[in-house]
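Form predicted alone, single chain, as structure tokens, below.
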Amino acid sequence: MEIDLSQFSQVFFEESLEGLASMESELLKLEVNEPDDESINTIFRAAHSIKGGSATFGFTQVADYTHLLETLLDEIRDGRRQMTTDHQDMLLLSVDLLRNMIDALMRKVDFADPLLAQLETRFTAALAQNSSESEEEQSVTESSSGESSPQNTTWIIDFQPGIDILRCGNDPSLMFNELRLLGELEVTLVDSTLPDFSDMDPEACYLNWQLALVTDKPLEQIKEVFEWVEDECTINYHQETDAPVKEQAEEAGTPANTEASPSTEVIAKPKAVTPAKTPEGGSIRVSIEKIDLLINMVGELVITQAMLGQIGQQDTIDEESLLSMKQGLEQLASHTRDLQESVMQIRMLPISFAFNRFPRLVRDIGQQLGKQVELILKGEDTELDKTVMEKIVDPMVHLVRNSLDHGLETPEVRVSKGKPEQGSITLNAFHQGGNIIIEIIDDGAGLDTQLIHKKAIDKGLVTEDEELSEDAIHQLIFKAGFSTAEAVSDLSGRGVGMDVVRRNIHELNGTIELKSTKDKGSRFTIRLPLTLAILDGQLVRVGQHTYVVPLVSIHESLQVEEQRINRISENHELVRLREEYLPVVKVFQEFGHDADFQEIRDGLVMVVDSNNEKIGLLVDELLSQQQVVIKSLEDNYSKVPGVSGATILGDGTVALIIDISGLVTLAGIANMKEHAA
């Protein structure tokens, strides 16, 4: 019976990537001289699962390679080999390599990386060295005793698969082949449980097997072959001593296998790699508790719908029915809110999914630069929407790399400054209001204010006459002009690609703040919405059009008196708010509408945040505040300058969501502070 395994491959990919993350995490915290047994077992189990799964799906390249890892780890955990730093490095490189191999499988492209052959050679050499030592020891033993394989044991395994095992993509024959790697195997079919032919389900498994395995491997290693399916099967193990299994196998016509020959058979046997179909957008694992809560909410909605439906069937609506209908609508609104929150919770993942990649990054770059770095992770349980998390990782990686490269000093320099040799980088996440705050903090050299200012003048980004505060000078590192090779070599600062970091964060409707003190360190604070799917917004009217402004960006709204308005050019006006001058963007002007009020003194100025600066938006009227479901304009239409998305209001009309920083750019206000000065 042929089974289309490709329908299960996505699960394999996800579990393999989780396994690799676990391997990497355990390897990074492993003390090479005194490795923790549980850590070694965890790493081994991950490699074993990847090998078993890849062999099942016919991904021979992955199976072949992980077999090398598994063999090495098996010898380490059995105490036959001492863990070394070289092993640790090889295994960490293997994690990267396997990630790339799985990525290639997911993208259905051939994998070709010279690192694969290099690592295979290193693993083979290491294993051969160990084999030579073992063979020498075995030779001495054999010569003294005159016997061979004195420690072989016969294990009788009653294997009763669950009836759905084939539907889950598990093929018992592949497990049998894997057992042959451990010794000599005889397989006996038990078909007494077969139903009548007319009652058979072609996708069900009705067969049982009895397996006789002669091996010198421990039972724990045999059980690992079935680790993939142990929850779906009944498996009993019995030990027999001195059983003539070899003879039995030969009589049964099963060739007696050496340990080497089945390896070739099993690894080479799977059919040609048929890349599995991978759904677009990936998937997400959800806890049972969240699913249960969601089902409960749906149940409540069904009850409410039934109640309202019963009222709707009445020919006349009396006062009592009207009251019941009002109560039903209130319940409907309440349950809808609860359902929305429950659905949003499904997309929430702890930020540790993002943080977990940084120990490796810090270790590798720290070693490369000769710097001693302690990575401190805080708030790892803080939850964030999966989509936001996927998009914030790259900016975070860039900031951490910058802290390592340009922020932290070498041990010698730190000692000369009276600092400890080891620097620190802290990643901290926490919720604040309806947002998540992510901080990247280092105790390095901080920004060199004078050098940045001089560089900005040289590049023509500011003039020598401009008086800028220290914070304003620090903000210059986010200018695109600093993202050049020349800036890297001259500045030794934070300018490389920071404009891209800020742009990526703004695309998530987030903001980034910077605080830095020379020789004390720097703190980057990223503020993000918890999700990109729903937005708390303020509805505003501009002429006959309704727009949505993200509530998190709004400071206040006010009417401005004539004497507080300064015109600095035909299209640029400032308003004085307390001791601060704010540029004002006339929304109707940028979007080409006919507004009720075209002068600032007549309309309403909404003070909002843009790139850590305050700015005024001139609108006609404030409407209500409400949560809006964000629809992508780019997916359904095209990118519109000054607009980050759209939503459908309760009356069915479409409202555009204002992209404040995009609107500022559209208005030609390049540097608000300079205009305000």
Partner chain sequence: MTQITQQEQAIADDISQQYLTFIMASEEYGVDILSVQEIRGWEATTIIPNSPSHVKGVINLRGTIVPIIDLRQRFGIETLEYGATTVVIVVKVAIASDHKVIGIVVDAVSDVFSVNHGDVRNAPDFGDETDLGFIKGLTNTEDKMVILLDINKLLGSEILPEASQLSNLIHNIDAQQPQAVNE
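Here the rigid core means the biggest group of C-alpha atoms that line up within 1.5 Å when the two forms are laid on top of each other. Numbering follows the first chain given and starts at 1. Owing to the predicted nature of the structure, the values given are computational and were not obtained by experimental measurement.
The form predicted in complex with the partner chain exists for this protein as well; it is not shown, and the discussion that follows is about that form.
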Exercise. Decide whether Glu590 counts as a contact residue for the partner chain in the predicted complex under a heavy atom distance cut-off of 4.5 Å.
Key: yes
Quiz item: Does any heavy atom of Gln627 come within 4.5 Å of a heavy atom of the partner chain in the predicted complex?
Solution: no
Exercise. With heavy atoms only and a cut-off of 4.5 Å, decide whether Ala646 touches the partner chain in the predicted complex.
Key: yes
Exercise. Classify Leu666 as contacting or not contacting the partner chain in the predicted complex by the rule of any non-hydrogen atom within 4.5 angstroms, answering yes or no.
Key: yes
Quiz item: Given that the partner chain is left out here, which of His506, Arg564, His398, His545 has a heavy atom within 4.5 Å of it in the predicted complex?
Solution: His545
Exercise. Let me know the one among Leu28, Val640, Leu622, Val32 whose heavy atoms come within 4.5 Å of the partner chain in the predicted complex, would you?
Key: Val640
Quiz item: When the partner chain is placed as it is in the predicted complex, which of 627-635, 59-67, 613-621, 37-45 ends up with heavy atoms within 4.5 Å of it?
Solution: 627-635
Quiz item: Is it true that Ser49 shifts between the shown form and the other one by 2 Å or more at the Cα, once the core is aligned?
Solution: no
Practice problem: Tell me, please, whether between the shown form and the other one the C-alpha of Leu656 is shifted by 2 Å or more, with the rigid core used for superposition. | Solution: yes
Practice problem: With both forms fitted on the core, give yes or no for whether the Cα of Phe123 moves by 2 angstroms or more between the shown form and the other one. | Solution: no
